[in-house]
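Take a look at this one chain, the form predicted alone, written out in structure tokens.
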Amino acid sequence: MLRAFIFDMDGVLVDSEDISMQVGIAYFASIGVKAVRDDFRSSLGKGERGFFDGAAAELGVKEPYSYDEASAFFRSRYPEMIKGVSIALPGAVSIVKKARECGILTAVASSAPAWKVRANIAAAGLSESDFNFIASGEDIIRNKPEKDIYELAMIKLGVGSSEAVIFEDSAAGIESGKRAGCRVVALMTTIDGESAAAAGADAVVTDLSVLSNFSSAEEAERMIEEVSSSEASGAVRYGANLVVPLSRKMPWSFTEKRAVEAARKAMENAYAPYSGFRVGAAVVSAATGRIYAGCNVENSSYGAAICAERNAITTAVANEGVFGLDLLVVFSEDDPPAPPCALCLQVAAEFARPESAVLLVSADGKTRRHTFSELLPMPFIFPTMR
């Protein structure tokens, strides 16, 4: 019988892994070492020391790297990065609140330091009182993939391994949950479905919204059993409907998937009474990883209309000022998916790099991927900006 939900924090309840990697990249840059996101991926879920020590090993850096200095750097930068924004992942707040309403015990079991766990809970729009128990990496000696933190959570909750379901997003976390004898549901935030299955996950979903629509513990149990069943275990669920075989890699990264969904939702609000051609767009900021969406807005004077791409870009500028365009998504009902118009490409050129990604997606799921320079090889640059 289901009695408890135990959540990892980063990549499960909050969208913070990319922010953490940005801070990690900034730290190594401060000591003269160039790092990229892939240098940190294998260390996700292993706690702060594992995060930095693992990246340092990946980069072959011994000096002047110092974990203590890296930790202090992280603590000085990370709170500012999440200040004033909600970093809750889809379904996170809902599943925690509904679990408590239905009498299901809830706990956080994160390898992160306690200060970061508390900061993430607040930034997600949750409170510490929403959980029956909160464990951080400071509460254990052996971190994930060892089982200690999940066993501690179960002891504190007073439940057995057959009564708890663990939600994880990393291979180390999945292994930790399985060593503790629990069912583990993996989220495709920092891990692809194939890797999650190989690590031992009982089920793989895109985010918690897939499992957050229940009204009793019994119904929650049935939902977990459904996604963990032999029939469903070979599938990854996109949202509530689309099912993709686990053996197939995710067509998009997690950030791309979120940007595509933001563009799709924006398209639904498009104002296109004259052309009937609806478009949604989303841009991803290179500095913050935040996503800004826009739709096309037509006007009877025609020339006053604004395309979705420019709408998204101006929204990004309104929120961040001058920003770097890391990714542009254009979602349309065209087949093949429509590219940005020449005017939008020229506007985007002000913020994009030649290698910035452009993802064109149609309503039926067809995708085309380009670099910005492929679509606009010779942008106009004002002479004083060259």
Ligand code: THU
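So that there is no doubt, residue numbering starts at 1 and follows the sequence shown. Note that the coordinates shown come from a computational prediction; the quantities given were computed from them, not determined experimentally.
If you look for the form predicted together with the ligand, you will not find it shown, but the lines that follow are about it.
- Figure note: of the listed segments 336 to 344, 314 to 322, 58 to 66, 23 to 31, the one touching the ligand in the predicted complex, with heavy atoms no more than 4.5 Å away, is 336 to 344.
- Proximity to the ligand in the predicted complex, defined as a heavy atom within 4.5 Å, singles out one entry of Asp202, Glu298, Glu256, Glu175, which is Glu298.
- A heavy atom within 4.5 Å of the ligand in the predicted complex is found for exactly one of Ser215, Ser127, Ser162, Ser275: Ser275.
- Residue contact check for Asp207: none of its heavy atoms lie within 4.5 Å of the ligand in the predicted complex.
- The ligand in the predicted complex comes within 4.5 Å of a heavy atom belonging to Glu309.
- In the predicted complex, Val279 approaches the ligand with a heavy atom inside 4.5 Å.
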